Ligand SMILES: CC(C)(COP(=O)(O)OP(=O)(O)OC[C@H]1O[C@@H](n2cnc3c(N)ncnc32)[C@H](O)[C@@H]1OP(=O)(O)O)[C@@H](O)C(=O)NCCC(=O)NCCS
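One chain is shown next in structure tokens, namely the form predicted alone.
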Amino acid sequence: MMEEMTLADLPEVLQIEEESFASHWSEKDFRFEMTENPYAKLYVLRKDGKIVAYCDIWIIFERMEVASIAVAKEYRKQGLGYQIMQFIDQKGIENGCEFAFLEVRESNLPARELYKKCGYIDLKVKRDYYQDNHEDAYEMMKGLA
């Protein structure tokens, strides 16, 4: 069951973040999301008392942005990503969002397949999107209404 992320969750979340992304967010980035970004809503998923996944979504009027989602390495390929995406869609619907958007690295085939399975479609390619290696990103979207 997903629950709201707290500042006390940051050490576990940062560990998942660092093992999941070459260019990862810092503790400062997460603190900003949690305390200063009025659009951000962050959630964690626990199993046996341990955080195994998290997500950060932005609710901006009728639009939802999936800012980040990650599952701990040892818990991947167990359907948790799909479960979290269903939760995210529900949060968007509850908040009156008509569309959901996200960006994903061109090389992140498992994530792209997950998003397609969840009903997201490729909208456009954003050239040179990622600063760490200048990789392109796919912007994907899904209608929620």
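Heads up: residue numbers just count along the shown sequence, starting at 1. Note that the structure is a prediction, hence the values are computed from the model and not measured.
Keep in mind that the form predicted together with this ligand is missing from the display, and what follows is about it.
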{"item": "Residue 36: touches this ligand in the predicted complex, heavy atom cutoff 4.5 angstroms", "value": "no"}
{"item": "Distance check, residue 111 to this ligand in the predicted complex, heavy atom within 4.5 Å", "value": "yes"}
{"item": "Exercise: residue 77 in contact with this ligand in the predicted complex, heavy atom 4.5 Å", "value": "yes"}
{"item": "Non-hydrogen atom contact residue 92 with this ligand in the predicted complex at 4.5 angstroms", "value": "no"}
{"item": "Interface segment, criterion being heavy atoms within 4.5 Å of this ligand in the predicted complex, picked from 55-63, 25-33, 78-86, 93-101", "value": "78-86"}
{"item": "Stretch 13-32 - residues with a heavy atom within 4.5 Å of this ligand in the predicted complex", "value": "20, 21"}
